[in-house]
Each structure stands twice: as C-alpha cells, then as structure tokens.
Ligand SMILES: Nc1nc2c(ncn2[C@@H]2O[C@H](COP(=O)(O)OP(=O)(O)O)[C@@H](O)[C@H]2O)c(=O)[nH]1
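Form predicted alone, single chain, as structure tokens, below.
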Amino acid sequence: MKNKDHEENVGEIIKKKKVAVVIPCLNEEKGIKKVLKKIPPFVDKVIVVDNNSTDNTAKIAKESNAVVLFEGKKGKGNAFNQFMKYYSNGFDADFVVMLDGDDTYDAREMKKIVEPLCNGSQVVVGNRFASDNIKGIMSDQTYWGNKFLTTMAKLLYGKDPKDVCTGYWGFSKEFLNKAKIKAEGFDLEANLFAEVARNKLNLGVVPINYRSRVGESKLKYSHGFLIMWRLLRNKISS
C-alpha cells in the first residue's frame, strides 16, 4: 500500500509540473519518429535540436508537433547549448529531460527519470549498465571504455554517476539556471556531470533499459579521449 500511495503522490506532483523534453539530433530520421511516438502524455513540450542534418529529421519532428531549433555547428554540446539559449530566453519548465533521437533510450521510461526530480534530486541520470543486455549491445571496447570514464568521474569529483556517458538525463530549474556548458561535442555529458559536482547538487541515478540504435552511429574511439579531457579540464578549472 505504501508503494502505491507513493506512486500516486508522484503522479500528482508530475501533473502540477511543467515537463519538457530536449532531443539533440543529427541525421536521425530513422529513429526520431519512433522516439516521439513514445513520449509520455505528462510531457508539455518537446524540443528537437536539428544539428545541421542533411536528412528529414527536422521535417519529421515538425510533423510530430515538436518545436524544432536549428544549430548549424555540428556537435551534441553545441546542440544542447542552442536549447539552453532557448531556455534562457523565456521558455519555462520545472523539469527538462534529455534523451537521444536514435531510440536507444525508451521514452516510455521517462517517469523513472522525472520521479527523483519530484523527490528532490536536482539532476538525474539513467544508468545503462543496469540493463541486462548491455554487453550484447556495446562492443567490449565501448563497454570497458564507458566503465573507465565513469570510474574516473567518480574519483575526480567524489560522486558516483554509475554511467557518466549516458544520454538519458533529467534536469531541475536550479541546475539549468546554474550550469555552464562549454562542451561542443560528445563531451557534453562529462560537462553536465562536472557541473553537478561544481554546484554541489543532488544527483539521482535510476536503472534504465538500453538497446541498439536506429540508424548510423556517430561515435568514434577518439571521443573517449575528448570525454576524459573534459573531465580533467573542468576539474582543474574548478
């Protein structure tokens, strides 16, 4: 009964909150429609940031009633910063959830991300390593590379994100108003985590499912070094 009461309380809190979703996208026409179809009904607005795509990503997003922003300079960090400009210019939301447009993260699990925000976490990360089939999706190099970077983040910042490179995040107003994001590319998540630690905010971690992406991957092994450098750089500058 206690758990059921808790679920009802969280549900009532979510109804009273304005929840937005941001999806940075570069050539994700094969995945974005799947993602948008799974957005939960409690979400008030979806913002897709088209990162200079050459396919129909923006067209499909508009047809699905998403707000589409354009960022001409490629890079996930640049796309997120385009959203931050939109946010700081009058867009208001109590909580913002970020996920990718390739359908690796299940938008139907979004309540898992939002619930800790309702309970006081200022930032929430979805932990892919809790997924039973993670090793069947990631190569050994990617799996252990992600594990290494997460361990490094924990040692440097004294907080354990469990999965520092995850693309499924939840943000409170407090975080969005304080965060300074300088990352331009796939070092975005490392920058986000460093800002959580710098601002001494509460970090929630929840298990999520993870699956193979739809469409072509943009990740390269060199991005691992970029992420490592961002973790070190932000620690030194703080």
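These figures come from a predicted structure and were not determined experimentally. Note that residue numbering begins at 1 and tracks the sequence as displayed.
Beyond what is shown, the protein has a form predicted in complex with the named molecule; the following relates to that form.
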- Query: Between the options 96, 110, 79, 125, which residue brings a heavy atom to within 4.5 Å of the named molecule in the predicted bound form?
  - Reply: 79
- Item | Partner-contacting position among 192, 208, 61, 49 - heavy atom within 4.5 Å of the named molecule in the predicted bound form | 49
- Do residue 43 and the named molecule come within 4.5 Å of each other in the predicted bound form, heavy atoms counted? no
- Using 4.5 Å between non-hydrogen atoms, is residue 25 touching the named molecule in the predicted bound form? yes
- Query: Does the named molecule come within 4.5 Å of any heavy atom of residue 102 in the predicted bound form?
  - Reply: yes
- Message: Considering non-hydrogen atoms and a 4.5 Å limit, does the named molecule approach residue 33 in the predicted bound form?
- Response: no
- Note on the structure: Given 87-95, 153-161, 110-118, 69-77, the stretch touching the named molecule in the predicted bound form at heavy atoms within 4.5 Å is 69-77
- Task: Kindly indicate whether 186, 213 and 217 are, all three, within 4.5 angstroms of the named molecule in the predicted bound form, using heavy atoms.
- Result: yes
